[in-house]
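Only one chain is shown below, in structure tokens, and it's the form predicted alone.
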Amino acid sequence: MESSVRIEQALSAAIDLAKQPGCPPRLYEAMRHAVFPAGARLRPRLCLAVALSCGETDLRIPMTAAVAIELLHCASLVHDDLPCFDDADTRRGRPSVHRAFGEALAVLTGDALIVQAFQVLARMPPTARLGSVLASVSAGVGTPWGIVAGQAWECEPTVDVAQYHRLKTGALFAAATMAGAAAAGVDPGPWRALGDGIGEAFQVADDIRDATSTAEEMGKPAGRDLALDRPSVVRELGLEGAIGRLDRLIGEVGETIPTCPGAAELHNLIRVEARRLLPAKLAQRAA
């Protein structure tokens, strides 16, 4: 079965763990709203791709890690959209969680998805790999180098843009590559650089899209970096400079893939996905 279909099924099953007697119905509905319909699912797909590239054929443990990472990503989007941060009315082309369910329930929904991610990991079949997978996933979330720390840099008077991007966006990509390796029984340490590089490239592409796309094209509000005076590669380097940085990053990412059976296929997948993130009118210029 195609990995994207399996990811959707596994995510649905994970959310349905909350559908038990006594769970507030609107909380469950808000959790499903936050996770579905599907976004790009880049992080879980990357986690699975790394596990496969390392030679893993049994995807039960990699899929568990992939689902946990995507739940954490969706939780971060729910919180990121809140009025105290981006104040975004839409996400993936429909009302954001706080617009559909109210701000209070949106805060709780993000919290619930974070906890659900670790409940999923706790249900992983007994294996010696659990500790390494758990360490890889949790490191991408909190402090000092996870997405919480990355978001917190928006609250500081000054910020290094590269560090901000490395934490806010790159941390979960690093968690995806490292957890994929750990789930395959491989040392996750050498895989951090790949995740960091992919995360930085993704954030540069996202900054470009924010500056050049419409809300309809993005499925969420555009122009937020400028409106909220937020760190941005486009604001720092200009559009041409940002496209140039993305091109360099994509070239550098392939050099960080550790030696593994599926290195060539993984490199090609990363290049294709990175180009796909750009608006069509700019993708050719970054080729």
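All of these numbers come straight from a predicted model, not from anything done at the bench. Residue numbers run from 1 along the displayed sequence.
Not pictured, yet referred to below: the form predicted together with a further copy of the same chain.
Only one of 210 to 218, 193 to 201, 168 to 176, 135 to 143 gets a heavy atom within 4.5 Å of a further copy of the same chain in the predicted complex; which is it? Every other range fails; the passing one is 135 to 143.
Heavy atom of each of F36, L46 and A88 within 4.5 Å of a further copy of the same chain in the predicted complex: Spot residues vs a further copy of the same chain: no contact at all.
Considering non-hydrogen atoms and a 4.5 Å limit, does a further copy of the same chain approach L277 in the predicted complex? Contact with a further copy of the same chain, no.
Even though the partner isn't displayed, in the predicted complex is L121 close enough to a further copy of the same chain, meaning a heavy atom within 4.5 Å? Yes, L121 is a contact residue.
Examine H79 and determine whether its closest non-hydrogen atom to a further copy of the same chain in the predicted complex is within 4.5 angstroms. Close contact exists here: in the predicted complex, H79 approaches a further copy of the same chain to within 4.5 Å, heavy atoms only.
Just to confirm, L71 within 4.5 Å of a further copy of the same chain in the predicted complex by heavy atoms? Looking in the predicted complex, residue contacts with a further copy of the same chain do not include L71, since no heavy atom lies within 4.5 Å.
Stretch 36 to 62 - residues with a heavy atom within 4.5 Å of a further copy of the same chain in the predicted complex: Counting only heavy atoms within 4.5 Å of a further copy of the same chain in the predicted complex, no residue of 36 to 62 makes contact.
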